[in-house]
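One chain is shown next in structure tokens, namely the form predicted on its own.
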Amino acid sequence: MRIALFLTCLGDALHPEVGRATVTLLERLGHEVVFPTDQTCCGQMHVNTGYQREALPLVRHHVETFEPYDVIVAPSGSCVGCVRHQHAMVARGANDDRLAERAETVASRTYELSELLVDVLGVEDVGAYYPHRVTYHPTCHSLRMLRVADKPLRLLRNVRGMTLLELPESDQCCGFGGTFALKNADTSTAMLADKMRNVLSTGAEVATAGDASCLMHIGGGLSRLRSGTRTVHLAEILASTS
């Protein structure tokens, strides 16, 4: 299968290792991965902050960039959530029904990584090996917008050498929420403290999730505590074989 990688701007700028792991994983499973070099921000930050008019050019550019591809994957629940639930809305808000229809078509071909693996490729055992104690945080957009349910856990349970530890209150937000963490820093920090307490209670060496943004938030807090627990994206674990 030929799959287009939608890396996301955060992945490109701060966590390129997540994109590399996604490519490694999919190529190991026998698929061709292409990277459309014209891709930019999907506009999630603009839409979530109320700047829908400013997001319109980003929506149009995203549609034009990914329209030629039949399957698109992103290692990010939040950005896939934006593409699926916000792009057509932004276009219709600007009275551009044709763009909205095109956005819906692109959205229907766009998958978060665990969705692609389990629902489209029909794979739960990707041949990964990761000899560490790991706990999984289900991010808000993947859990509530995309409803990926237990797909990431089904993939993790098949990773050889790994001990998967249940995260208490796993469905609670980590407090990031993009610009929410900047505009509501005190609330965000309190939510992060709860999440870190639960992560550390598991005794895990690694906390994983499907969104680099949430892992950046959690990982920053854990590093300041000098806890010894680190954050690793789901794609990196699934790509690991040694």
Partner chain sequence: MTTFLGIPAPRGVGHLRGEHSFPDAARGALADSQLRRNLGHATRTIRGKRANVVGELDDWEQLRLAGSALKAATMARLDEHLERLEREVTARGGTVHWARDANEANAIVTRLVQETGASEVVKVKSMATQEIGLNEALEAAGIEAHETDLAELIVQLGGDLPSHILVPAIHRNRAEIREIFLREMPGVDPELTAEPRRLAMAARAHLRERFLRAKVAISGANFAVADTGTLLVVESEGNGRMCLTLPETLITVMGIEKIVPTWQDLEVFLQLLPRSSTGERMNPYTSAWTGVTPGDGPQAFHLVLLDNGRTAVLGDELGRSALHCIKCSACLNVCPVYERTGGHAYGSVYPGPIGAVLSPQLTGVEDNASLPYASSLCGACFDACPVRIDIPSLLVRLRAQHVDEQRKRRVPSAEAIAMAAASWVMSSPRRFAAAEKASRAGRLLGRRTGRIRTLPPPLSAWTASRDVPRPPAETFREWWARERGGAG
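Positions refer to the first chain, counted from 1. Note that the coordinates shown come from a computational prediction; the quantities given were computed from them, not determined experimentally.
What comes next is about the form predicted in complex with its partner chain, which does not appear here.
### Query
So which of Asn158, Thr163, Gln172, Thr105 reaches within 4.5 angstroms of its partner chain in the predicted bound form, heavy atom to heavy atom?
Of Asn158, Thr163, Gln172, Thr105, the residue with a heavy atom within 4.5 Å of its partner chain in the predicted bound form is Gln172.
### Query
Among Gly50, Gly203, Gly30, Pro68, which has any heavy atom within 4.5 Å of its partner chain in the predicted bound form?
Only one listed residue qualifies here, and that residue is Gly50.
### Query
Do Ser223 and its partner chain share at least one heavy atom pair within 4.5 Å in the predicted bound form?
The answer is yes: Ser223 has a heavy atom within 4.5 Å of its partner chain.
### Query
For Arg144, is any heavy atom within 4.5 Å of its partner chain in the predicted bound form, or not?
Contact check for Arg144: yes, within 4.5 Å of its partner chain in the predicted bound form.
### Query
Does its partner chain come within 4.5 Å of any heavy atom of Ala239 in the predicted bound form?
No, no contact at 4.5 Å.
### Query
Taking 4.5 angstroms as the cut-off for heavy atoms, does Val63 touch its partner chain in the predicted bound form?
No.
### Task
Give, in sequence order, every residue of 7 to 22 that has a heavy atom within 4.5 Å of its partner chain in the predicted bound form, or say none if there are no such residues.
Counting only heavy atoms within 4.5 Å of its partner chain in the predicted bound form, the contacting residues of 7 to 22 are Leu7, Cys9, Asp12, Ala13, Leu14, His15, Pro16, Gly19, Arg20.
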